[in-house]
Structures are given as structure tokens and as C-alpha cells.
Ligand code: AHR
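Next up: just one chain, as C-alpha cells, the form predicted alone.
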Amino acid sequence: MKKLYLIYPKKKGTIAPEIYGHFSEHIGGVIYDGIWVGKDSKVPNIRGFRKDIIDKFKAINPPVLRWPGGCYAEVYDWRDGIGDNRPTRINWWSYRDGRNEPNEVGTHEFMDFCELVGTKAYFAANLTAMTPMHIRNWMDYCLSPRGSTTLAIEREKNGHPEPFDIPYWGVGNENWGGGGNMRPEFYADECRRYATLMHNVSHDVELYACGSDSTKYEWTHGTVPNLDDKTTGFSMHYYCGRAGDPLTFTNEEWELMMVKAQKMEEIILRNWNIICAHGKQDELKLVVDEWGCWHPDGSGPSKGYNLFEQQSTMRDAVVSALTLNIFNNHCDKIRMANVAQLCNNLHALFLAGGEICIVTPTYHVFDMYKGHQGAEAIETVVTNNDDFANSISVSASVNGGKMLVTLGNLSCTEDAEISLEGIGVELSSKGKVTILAHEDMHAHNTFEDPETVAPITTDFDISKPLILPKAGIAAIEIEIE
């Protein structure tokens, strides 16, 4: 039997709600026939956005949604997406799937979606192809008070008199690659130049510098010491990639994916150590604004029509649970994270097409974990006969008189029997446990069977062991004294 110690006196910090953020790029089917069906569609919608997604997304308390990219941000001109007679442009991804960008969803539409679901927006600014003044004008258009500037008046004429709520802005995206193929020192100088004008519009917004691509620590070494105090976040991307087929993977491929996903912790620590080495730890937090699995195309309902669309199995759900536990346990270092993507794409929460919309197992993980948002993370230790039990991923937090404990069983072959013990805190004998599991680790939801994988919530006697199924996830809610 494994023992889970919940060490109440050892608090790690507050879990920023934004750690549970999301991402919606103009790529594949994320936007069009994903979240957006159009105002004249027969699909139930609210002002053009799919009603099913609005309702279900709102239910998991999404704190922030990143837009418009991703790589698409590197070719995006915000003026294409406002007013009437919008142009059709080559999308960044047109070379892959042949689709051009109609600009039906621009600033106003996207912000309408954010308001409908109750989330804040995180805009990725085009540092690659636009001037600092062009981005400053976008911020003026979005943020200036009603009637105060010519651009604010233009915003009002386009239907939104009051300023938009956009507290987070990225100063570029992946500038080490598609975002200009820059060298780190050059990017740092450009970031300072753009951030100076962006900061001049509003001192209240948070500006995030482009950070490293997973293990490219030379980028972190080259940029961090050259950034100024106008940027308060350091973006980093890590996709744990692929391990076999998305649906027919082997036990060995399951284990390989878990190893890849666990590497997120090393990447966080190494980037953070570089930030600390340059004395920036009090002003520059990590922003993991792209993360998730990246399987081969074609396993989603569109069968390859939507670029990068893939199914989400229990394996993807466990990767989500593991990753979110890592974020919770390093909440003192992380300002924000954004799983990629929201719909019909990589590691998606929703799969949609026509009138059908379903949630994936990953969606259920975010629902089970939402109680961590804004809570205080506490220390946890799992042992197995006095040895550390590495097959169990866990994090715990307290908020008022409640504790939330979330666990992922990284083994696809063995159930885990776990007893809970509080140190420095009295645990109520009664609680509730939500289990997300399936006897088949390949299980996933489809348009034909949308409830194949769904969580089950029951009462739980804390004094008795928890049986966590193989490849399963649990969220335990406990009253504390």
C-alpha cells in the first residue's frame, strides 16, 4: 500500500488561476467549425459561437484564453479583423492544409467569446512582421477609454464602446523559430523596443517575453539578462510529442509518453534556475503558454481534414493530470500556462463538427482540477514501503476549510491502493472523490459514443484506502479543521 502524506504547514504558494489557461489559434479546425459556426448557422450558437462550447467551457471556470496564435500571430494584422469588408489572407498554416484566413473572427468576435464564457484574454502581438507603433495602435484601439482617442471612437463605431479587458500581452511568439528565426540577443533588444511602446499605452497590463522552446536553454541564457523590467513573464513551450499511434499505442509507448510528460518539471526547473542566476526571479515568472501531446494527424472525427486534429484518450488525460500537478507544485515559479489547443486540434478539450460537439477526457481533468485555482499549494509525499512511489503524480491545495487532492496513476498495468494522512492538519473522515478511469487505457469519446469516458463522483471515507485504477485520475475533496 502507498501512503500519501499531506503536509499542511509546508505551503508552496498560491496557485495562480491562470495556470489553468487555454489556447485558441487560427489553425486547422480550432476556430472555424470549431468554436465559431457563424451567426446564420443552423448549429445552436450565440452570436456565431457554438453554444455547446460556450456552456461547457464556462462550466470549468477558464481563467484566460490565448489568441490569435501561435505561429498565426506572426502574420496577423489586427486591422484585417475589424469592421466590414474584411480581406482574405494566406494563413500561416495555408501551406499545410490549403486554407486561407477569412478574418470572420477578429478582435471584437474573439472578445465577445471571452465575455460569453467569462474568461480574460491573452493577446499574442506580432513582433515579427509589424512595427511597434502598429501594436501600440492595437492596444490603443482595445484599451483606451470610451471616446478618448480616435481609435477608441473607431472601436465604439464597430460595436464596443467600453474598453476590452485584455490584461495579458505576449511580445512576439516563438521568435527563435517561425517568429523571425532570431538570435536571443537580437530578440531581447527587439522585445525591449516593442515593450517600451506597449507599456506606454498601459502600465496595468502584463507583458510576456518570448522564452525558450523546451530544452533550448541557450535562448534563456541569451535573452533573460538583456530584458528590462517592462516584461514580467517569460514564455516557454513544451510539447511532450508522440509515442506511437494516438489510439493503438502499446504499454511501452504509454510509459514513454509518461517519461516525456514528466520532463516538464526538469524544463521548468532549468529555465527557472537561469532566471534566478541572473537575479530576475522577483520580476520574471514562467508562462508555459503552449503545452500538450502532439500525435500524428488524422485520428480525430474529421479524419485528417482539420490540420493536427487528434483524438484524446485516457493517456492524454493522465498527461494532463501529471502536467497540472507539476504546475501546482511549482506555482511559486509559474504565472500562467495554456494547454494547446481548445478544439479540434492538439490535446483538445472539445471535438466538434456540424451540429455535434463532445468533450474529451482532457476536458474532465480540467473540470476535476478547477478547485485548485487561487488555492494555496501544500507539500505532498507519496511513499511505498518507505520508498518514494514515482508511479503516482499528486498535488494538493487548501482554500478556506477545504482541501483538494488530485492524483494520477502513471501505471497502465497496476491499480494503486493509497491511504491518506494529514500532517499538521485534521482531516474530516468524510469527503468526496471523483474518479476518471476506464478499463481500456485507449478509451476515448466519439461523436457516436460521447460518454465512453466520464468521471464518477462518490462519497469517500478518508480513513479507508483509495483504490486508484490503473491509468486513472482522482480528485478528492476533504473538509479540514
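Model, not experiment: these values are computed from the prediction. Counting begins at 1, following the sequence as shown.
Separately, the form predicted together with this ligand exists; it is not shown, and the next lines address it.
- The candidate spot formed by F23, Y239 and E290 is fully in contact with this ligand in the predicted bound form: every one of the three has a heavy atom within 4.5 Å.
- Heavy atoms of Q341 reach within 4.5 Å of this ligand in the predicted bound form, making it an interface residue.
- In the predicted bound form, no heavy atom of L351 sits within 4.5 Å of this ligand.
- This ligand in the predicted bound form comes within 4.5 Å of no heavy atom belonging to G28.
- Contact check for L346: a non-hydrogen atom falls within 4.5 Å of this ligand in the predicted bound form.
- Between the options W294, F164, Y217, Y305, the residue in contact with this ligand in the predicted bound form by a heavy atom within 4.5 angstroms is W294.
- For the options S320, T231, S312, N173, the residue carrying a heavy atom within 4.5 angstroms of this ligand in the predicted bound form is N173.
- Between 68-76, 366-374, 401-409, 141-149, the stretch whose residues reach within 4.5 angstroms of this ligand in the predicted bound form through a non-hydrogen atom is 68-76.
- Taking this ligand as positioned in the predicted bound form, the only residue of 88-116 that brings a heavy atom within 4.5 Å of it is W93.
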